[in-house]
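The data below hold one chain only, encoded as structure tokens and taken in the form predicted alone.
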């Protein structure tokens, strides 16, 4: 019941936002709806995260599902709070009208609901449907401004991700074929059933399934060289949408890969890991190259997301408990740090009227809160201690060294150093210096709270790991390593 409510509440909130209230009232309604959604998600995940799996009807929520649902709910809550003032500014400056603001909130809540559904269903087929629907819904948010660049980015996003989803469908078909005759048809694609019976699956069809699913879902996750939609979509979307796409949308596809990973490793140990290692290192290399030359603030952050999806794939590809721990921790770290940084970018872009980093100077002097948050966010995203991305990267590097992958670990460390240099070299000059522009920082309590809450959580997990949370990570490692605790 609570899982159903968790998915329905955002739909109801979005429908109410369509009613012809004023922009301020719609903002209040959206904030209230996001708070109720967060409370329902937390309540829904209490039992799974303490070891009691929800397994009823179409729902299946265990520790892994609960982990992703909580991340999605919290980041979505922060994004809605941030949107209230961000959209109000867009409306006052006549970049959006009142009807477009209402449609934005409705679409945003439907987007949130589809992501929550993706993590909560028990069938691989429903997971695939969820990933596909998130693409269609979020495309309207990418093209919100309806100018040429935004429309082109939205269509590119739809076309490339649709190709990926189609390839993933072939992978689902291969997975069904591999399980044929082993499990009953009505449960042939249920994740728990697949894990329980994986040892008897046809290994050849499982290899085909692995290829199609990793390539298909990897396209949606932003793994290079299938990432071409991501920089355009993230740079053209409104600030809060960019944060959600980077922080939680990419997780939907990575979650599907993780679920399949736990099945594939039982049938063909090492096969899907090799695929993920290859895609992972290519992604980090691609991100490093483009981060070093990027001049667009949001595109640079988008390539950082490519990097982090690559790191998560590498952690899974190494496959040891430490490396998988690093992959899961990197997922959490990226989900907290990257939305915060996109929100800061939204503040700067609204104030300066440009995304070109060479044309932005003096942020710390003109926008003190945003300058401080951007400095902290830049260090967090670049992988500096004591932020959690640094911890995740170190775990993955140690995992590679412990497996004897010395050259691989060395190459990865060099690429991470280049990425650190590229991000800090581009962002910190924006904070210093002076500017002749008329700059006004759009301040609000909710906008500041959204950024601060993400920053505080990121810093907390960089410094502390409470024992109950460590236990959740260990259970998830067991689920991915052997399919059961």
Partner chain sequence: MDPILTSNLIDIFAVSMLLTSVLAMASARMRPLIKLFVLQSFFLAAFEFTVAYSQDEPHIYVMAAMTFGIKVILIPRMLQYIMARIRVDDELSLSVGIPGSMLLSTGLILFSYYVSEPLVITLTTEERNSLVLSFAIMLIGLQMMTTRRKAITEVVGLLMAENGLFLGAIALSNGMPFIVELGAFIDVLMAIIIIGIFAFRINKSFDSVDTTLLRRLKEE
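Numbering follows the first chain given and starts at 1. In this text the structure is predicted, and so the values were computed from the model without any measurement.
Quick note: we don't show the form predicted in complex with its partner chain, though the next part is all about it.
Among the candidates 170, 398, 285, 372, the residue which, in the predicted bound form, approaches its partner chain to within 4.5 Å (heavy atoms): Result of the distance check: 170.
Residue (of 132, 239, 376, 319) lying close to its partner chain in the predicted bound form, criterion heavy atoms within 4.5 Å: The option sitting close enough to the partner is 132.
4.5 angstroms heavy atom contact with its partner chain in the predicted bound form for residue 166: Residue 166: contacts its partner chain in the predicted bound form.
Close approach of residue 151 to its partner chain in the predicted bound form, 4.5 Å, heavy atom: It does: once its partner chain is placed as it appears in the predicted bound form, residue 151 has a heavy atom within 4.5 Å of it.
4.5 Å heavy atom contact, residue 255 to its partner chain in the predicted bound form: Answer no; every heavy atom of residue 255 is more than 4.5 Å from its partner chain in the predicted bound form.
Contact test in the predicted bound form: residue 193 vs its partner chain, heavy atoms, 4.5 Å: Residue 193: no, not in contact with its partner chain in the predicted bound form.
Stretch from 325 to 333, 405 to 413, 89 to 97, 201 to 209 whose residues place a heavy atom within 4.5 Å of its partner chain in the predicted bound form: Comparing against its partner chain in the predicted bound form, the contact stretch is 201 to 209.
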